[in-house]
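In structure tokens, the next block holds one chain alone, the form predicted on its own.
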């Protein structure tokens, strides 16, 4: 990033950093306003009182789903691997279908039985505290990688915006502290309120940035495509310049970045917060519109950048590099503030989810089970501070490309899929606690093998290998081990059947 300093004028870096810090100040104000509306109540602090309407929930979910990954990592992947990354169309559409079908079932069970975390639901159905602990730890471990993604993205953004006058390490620290600060002040209410602004700002910023750069560099998107076809035709082919997008990798990334992200706690907990099942269904029907269309302007940035600025050492920085070289100072500042919003909207949600899981499933359950709501709220705030410290250390001491980290995080959370399907879809032979626990264990071992020891064997993504062995192990083990009690299965599956096929939301005693 040091190469930027010669090309960055005083005006540009002052405007860019000024707008970013103005945005930061704005989020802090929202946090304190949310704090004034906050009730000393676990459901209010952790779940927005289960009253999130469609607009708030929609903008929060899409802002959370798309982050530094969408702003920086996706353009970097287009820059390196070409149009193969438009496979994003498959996982973003699949996210909508999963939300519409699976998400509404998770909401119904959460509403009926007052679940707050994924582990609440799974431990209840499988009648196992071991399941609770494993699910809680898995949820936290793999989303810490996501904290690293957002923190690194924030560090890059503020470092580039300042022309390296603010170091990557210090920029990461500042924005981690801000995101954790308004979360600790206002709980999920502060996260949702900031996400509404961040979701809109991020979407507009990506589109404006992509279109402005395409016109400034090539005279428009059509001319950009012509130039890419002439100068870099390898970017317009499959499996791409480096042979990355084979069918096996395509399928694996689709599964990891759809089911794998949906099953992470910061998304699943959002299902619990919805005001109604209809809200979840509308969320599923409309989410792909936002998620899918965001990858059109990032393709313009990545593919156009490969022609206009070849040989970039870190492809994840192509968007801010192009902005500083070819866009006006005020626009660069607004767009980089949008990139900051993208990263912070996911960071605050992951911090909140991990705080919820550790507070509810570990601290309250096993250490201090009979304390006041105020006690747990303060314990949660302490947990956030520890998570920020861990995320910061990971961010400044390790490095990997953003998309790879997201895929790893998604592949880990994907191991919860058989267990969750066993809860949400009644079958004649239910999965057992022994089946899901052994299945997850085998899945994690396979994931390590297929990612570290022998990366993506035979060109098939590690997510496919790990999920396949997990499902087979779970199915076989469940046939020979004892299921949950008939009363538990009837209580939970009966609730779903009544909700889906019977009296609907009235059966859940919903308060509208």
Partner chain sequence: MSIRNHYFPRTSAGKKATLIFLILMLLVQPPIVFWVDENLRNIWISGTPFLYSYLATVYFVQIGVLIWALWKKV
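For clarity, every value in this text was computed on a predicted model and none was experimentally measured. Residue numbers count along the first chain shown, from 1.
Just so it is clear, the following notes concern the form predicted in complex with the partner chain, a form of the same protein that is not shown.
With a 4.5 Å cutoff on heavy atoms, residue 90 counts as touching the partner chain in the model of the complex. Residue 254 belongs to the set of residues with a heavy atom inside 4.5 Å of the partner chain in the model of the complex. By the criterion of a heavy atom within 4.5 Å, residue 432 is excluded from the residues contacting the partner chain in the model of the complex. Within this chain, residue 496 lines the site of the partner chain in the model of the complex, having a heavy atom no more than 4.5 Å away. Think of it this way: in the model of the complex, the partner chain has a heavy atom of just one of 329, 83, 197, 388 within 4.5 Å, and the residue is 83. Scanning 382, 241, 247, 219 against the partner chain in the model of the complex with a 4.5 Å heavy atom cut-off leaves one residue, 247. Residues placing heavy atoms within 4.5 Å of the partner chain in the model of the complex fall in a single listed stretch, namely 285-293, out of 285-293, 318-326, 369-377, 344-352.
By the 4.5 Å heavy atom rule, the three marked residues 94, 237 and 421 all count as contacting the partner chain in the model of the complex.
Residues of 416-433 lying near the partner chain in the model of the complex, listed in sequence order, are 421, 425, 426, 427, the criterion being any heavy atom within 4.5 Å.
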